[in-house]
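Encoded as structure tokens, the following chain is the form predicted on its own, with no partner shown.
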């Protein structure tokens, strides 16, 4: 293992940029390879077989680029971590989120907003139950918030509408004061959430995920020994329009980026779903986003 090999990150779009930003801040010397599979976004609306197949093809893409570890910067993918295959260590943001939760609050109810796939897989409650029986998640799945953030990050009123749809059911159900952001897209609108719901203590799992990664690399002697700022390469699988969204968000979040490029994944080699499935879902995604903007 070459210590200067890059760290990989996987997400289905730009949401993982919130993890990337934290990684650059906390481990600036490391080289990074980021893959945002925007062609097949959102993973949160796929069935489990598709999530596993797509995530494994994402992993193969990053392994081919020589990564030494992979941050699963996607809660939906992390919810299926036990079913994924990799030659390098995988670091789940769900695991990190649960650890961060019990470090933040010793007991009681904690609100959780996430994609519907993450909620339906019950990933957070299952992981939390391994760590404590004194803290419990009150979950709310959202179908639209990640897509709206991905495609309309500057449409404030549209974002506020879908933030309300994601969070208000939690408030009516329980007296919630701690909120875990269970999708890496959501920290992009953290300031809006804080302004709309000042009663919340908000948990961003990315901070803990990177701390776990850094501890692992340190213990195994795999931290980079290069000096200065490492190189970051960002890959997207989507259309020209998706590429522009990536480029705009790189600027919006002030992310250091050596190279941003569009790529094609060998998606058929590692999946069992029909080849036209992602195309059909891409069409549905476009129709759904157009409906939101009407």
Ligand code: DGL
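This structure is a prediction, so every number in the text was calculated from the model and none was measured. Residue numbers count along the first chain shown, from 1.
Another form, the form predicted together with the ligand, is not on view; read the next lines as being about it.
In the model of the complex, segment of 81 to 89, 203 to 211, 128 to 136, 184 to 192 with a heavy atom within 4.5 Å of the ligand: Going through the listed ranges, the match is 184 to 192.
Contact residue in the model of the complex, chosen from 110, 146, 71, 98 - any heavy atom within 4.5 Å of the ligand: Checking each option against the ligand in the model of the complex, the one that comes within 4.5 Å is 146.
Residue 42, heavy atom within 4.5 angstroms of the ligand in the model of the complex: Residue-level check for residue 42: yes, a contact with the ligand.
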